[in-house]
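In the form predicted on its own, a lone chain appears below as structure tokens.
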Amino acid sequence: MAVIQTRNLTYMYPTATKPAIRDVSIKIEKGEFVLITGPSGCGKTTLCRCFNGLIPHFYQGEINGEITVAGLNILEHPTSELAKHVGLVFQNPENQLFALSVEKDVAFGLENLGYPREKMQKRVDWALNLTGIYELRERAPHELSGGQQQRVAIASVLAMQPEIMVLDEPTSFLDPLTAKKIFEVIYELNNTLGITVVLVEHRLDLTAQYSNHIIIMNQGKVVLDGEPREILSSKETRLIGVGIPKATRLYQILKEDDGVKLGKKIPLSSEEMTKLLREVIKT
């Protein structure tokens, strides 16, 4: 069942001279972990804004085509209604933090959804612990570092446990180790709660292993859409300039050498590549 579907979706910002996205037709199934990537300025963020109704209800401009999210036509439903189904983590955390304390920021969405106080407190504590910022709960967001602010923004969306989580480069302010921990948390929620995850990210070494569906964009269009191992090992992906995982590239190089016999499963992470090489050594 498609939880997000677009048909020939085109959007142009008010002052722009050309569309930010053009003729985008995609289908995202319920429970998928979808990775959206592509060169800078290819339309990834614009597409994310469509998923929760910021386009066209906040950003004006011209929109054509069709888009449904959680069974709702975003052109006909306000962002307040879409917020019950979709949680969006912005690339810049300052765009979504405004309360006087971290705890209040994380609780804000739950308050608006009408959660009872006791259940809301449990959800807030759970999200703060998951993101490793429980000890910061009484601090003001503006006093925190960029990385800490980003974790607060992620916690505020995690607390709501939405049907769909859309994350626009959510770890751009975080070091690789902390980012990996956040991705593991999101992956676990995808597995245990069945939350559909749509992740915009260029650091594919960290994220490709979690995805079961990848969409590659270029110049406002979807150019590749499908299974990650197949797409990330294709020549077309390299030509677009997407930074494919190093493990995948190493596999391709070794595969070209007839003297190295590798398995058919294309690795997406260093862990998978290490396991594959160990099996080769054993044989």
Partner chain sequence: MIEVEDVYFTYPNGIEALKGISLTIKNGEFVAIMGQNGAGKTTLVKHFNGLLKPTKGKVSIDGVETTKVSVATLARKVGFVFQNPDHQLFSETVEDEIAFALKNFGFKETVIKKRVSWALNLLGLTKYRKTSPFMLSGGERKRVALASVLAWDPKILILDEPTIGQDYQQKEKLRQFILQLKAQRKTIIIVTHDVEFVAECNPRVILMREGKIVADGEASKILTTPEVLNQAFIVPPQIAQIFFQLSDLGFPRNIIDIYEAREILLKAIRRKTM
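The structure presented is a predicted model; accordingly, all values stated were derived computationally and were not measured. Residue numbers count along the first chain shown, from 1.
One more form of this protein should be noted, the form predicted together with its partner chain, which is absent from this view; the next part is about it.
(message) in the predicted complex, does every one of L35, K119 and L130 come within 4.5 Å of its partner chain, counting any heavy atom?
(response) Judged in the predicted complex, none of L35, K119 and L130 sits within 4.5 Å of its partner chain.
(message) If the cut-off is 4.5 angstroms on heavy atoms, which of these, G71, G194, G146, P78, is the one near its partner chain in the predicted complex?
(response) None of the others qualify; the residue that does is G146.
(request) Taking 4.5 Å between heavy atoms as the contact cutoff, choose which of L54, I63, L254, V223 touches its partner chain in the predicted complex. (result) Flagged contact: L254.
(request) Go through 173-181, 110-118, 152-160, 97-105 and give me the stretch that gets within 4.5 Å of its partner chain in the predicted complex, heavy atoms only. (result) Flagged stretch: 173-181.
(message) Residue-level question: is M1 within 4.5 Å of its partner chain in the predicted complex, judged on heavy atoms?
(response) No - in the predicted complex, heavy atoms of M1 and its partner chain never come within 4.5 Å of each other.
(request) Give a yes/no on whether G31 approaches its partner chain to within 4.5 Å in the predicted complex, heavy atoms considered. (result) No.
(message) Check L268 for me: does it contact its partner chain in the predicted complex (non-hydrogen atoms, 4.5 angstroms)?
(response) Yes, L268 is a contact residue.
(message) Contact with its partner chain in the predicted complex for S25, defined as at least one heavy atom pair within 4.5 Å: yes or no?
(response) No.
(message) Pick out the residues of 198-216 whose heavy atoms come within 4.5 Å of its partner chain in the predicted complex.
(response) Read in sequence order, the residues that approach its partner chain (within 4.5 Å, in the predicted complex) are H202, R203, D205.
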